[in-house]
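Quick setup: the structure tokens below cover two forms of a single protein chain, split into structure 1 and structure 2.
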Structure 1
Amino acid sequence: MSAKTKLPIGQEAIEKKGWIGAHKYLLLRRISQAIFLLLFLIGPWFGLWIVKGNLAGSLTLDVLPLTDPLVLLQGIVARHWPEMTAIIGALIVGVAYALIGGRVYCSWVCPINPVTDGAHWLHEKLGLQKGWQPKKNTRYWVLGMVLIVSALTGTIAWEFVNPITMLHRGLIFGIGFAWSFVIAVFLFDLFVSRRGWCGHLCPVGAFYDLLGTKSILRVSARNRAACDDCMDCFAVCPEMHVITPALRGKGDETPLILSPDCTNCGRCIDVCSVDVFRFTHRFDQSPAPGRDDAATQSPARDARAA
């Protein structure tokens, strides 16, 4: 390993772009997550009713209904055909995420994301083992399980334990002991499985993952030829397997990160000191020569562990 990889993650980017520049999308994400909570909270706190309800279902400015499509889907397999309002709400949400990337929900909206990000931060600080790493498709199994249990019990089954809505609803309407579910997720990610919840198990993430398979908004490693193998993007990416095909692709292979697992969080864009990544759309055909196409080989690459 070259000495450079010993630098703390993102150090180079901070030196190059400044702290703000190297945390732009992270900050935007935190702001977005806060806004998605505050919008719901200023109603009960200040009597200013812009949005009523919670992430499972809401009404904005008394006209725009929004419904979580997965919650509604569970209701449907539990044999309740919902009223039109809920269906329209679910369609709006579904189409929006299908366009901007399903897992944008995970990184820009979901209130559990700061919790698991926090667990991951502490995990790294403490230098813990990565622990149990379930197979990548485990979350789809969990999603299937949730739908089957909904059908068998005739209930919206995941809502009995869903830490996301427990937390979001809890903060808005009163949480009771639902904290325990949130703490459980935190501890699970910290001690049992690194990035385990959002990355491997959460059926909501799995659902939005499937929803965003053909999403328009994508991250591209267009400037991949400049990559100096600092590995910082892999270190910050919550789904690091999505980076490899785009970053290590040859000239004729697309630099777009097309895996729906990518949460469009933009951390790779932040943390890269040579600006390899950028947001673009999935039809972006701009040429992106692979690094191996370059005539010269960087010394850092020779030092890369095989």
Structure 2
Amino acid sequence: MSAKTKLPIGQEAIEKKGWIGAHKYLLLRRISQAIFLLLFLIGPWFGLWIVKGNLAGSLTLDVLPLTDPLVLLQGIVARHWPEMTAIIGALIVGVAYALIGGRVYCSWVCPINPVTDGAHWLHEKLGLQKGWQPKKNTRYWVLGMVLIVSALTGTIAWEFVNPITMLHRGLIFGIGFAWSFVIAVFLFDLFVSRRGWCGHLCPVGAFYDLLGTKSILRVSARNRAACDDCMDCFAVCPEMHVITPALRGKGDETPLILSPDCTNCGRCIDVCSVDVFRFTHRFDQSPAPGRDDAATQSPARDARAA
């Protein structure tokens, strides 16, 4: 790779897999996010009430209750005991994300994700500096403060400023004050902190991070021996620190990305021209020699061939 001119990020993948192949999971994520959003909007927009409510709490086909577990937790600490349907809805959502992967919510469901992705894209296009980067555990402190404020005020405090809720309100009721919260997130990621909102501040992401600590769905660097150090995966990953242990590991070290910070967005899979990464499960024990292992084995194979 060092002997070649460094191509723009993702260009090698596009040349090898085609544009669609190199953006497969991006396209699927946008379709998923649009579907979830439209399910909530076609009721107030067109009177077709498949889903009533929003991502904080909803009822699908007047049968299936779904509740954001963080909203339920805020209600409990605020001393408002929820109805049984809300508890059942939170259990359904909580178990699903605990099994699938907590931060799948962030990359495949949350409607703010396209907003922050757009801010990051413009940030890169303008060549802006990385900016202020809060410490990794800041979002957990924000999560703790949300629960404390809920307990002190007796309210579900985060819903008063939650950009996700504000986006829903803005789309339903039109231009209004709610959009200021969404615009603030965009400007924060654009000018203040690159990928700062989702990666460092959002308490919803922090909650689902904790919820998905032992989740089943994982990304694996199974073909890590083929890595050519193009660094594109690090460039596109919103939580780049999760890649190193899996990618740089040796043969006896797991190629699985086990950090709950991973959003399972598939960006690393899309952008890799040599197909290092793939989706799998946390019990995948497939052998995955590291690059050092491959380097030491190659001379031995050449000697045997000679």
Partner chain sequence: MSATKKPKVVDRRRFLMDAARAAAGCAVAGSLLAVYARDARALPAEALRPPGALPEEDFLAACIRCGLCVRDCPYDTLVLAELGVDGAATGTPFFTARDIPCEMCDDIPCVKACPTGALDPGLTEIDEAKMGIAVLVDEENCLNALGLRCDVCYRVCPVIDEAITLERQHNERSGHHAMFMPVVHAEFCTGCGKCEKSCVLPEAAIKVLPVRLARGKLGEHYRLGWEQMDENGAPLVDGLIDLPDRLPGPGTDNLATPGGFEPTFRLPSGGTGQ
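Please read all numbers here as calculations on a predicted model, not as lab measurements. Think of the rigid core as the biggest set of C-alphas that the two forms share within 1.5 Å after superposition. Residues are numbered by position in structure 1's sequence, first residue being 1.
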property	result
Index of the chain form predicted on its own, chosen from the pair	2
Post core alignment: Phe279 C-alpha displaced by 2 Å or more between structures 1 and 2	no
Inter-form CA displacement between structures 1 and 2 at Phe46 - rigid core frame, Å	2.7
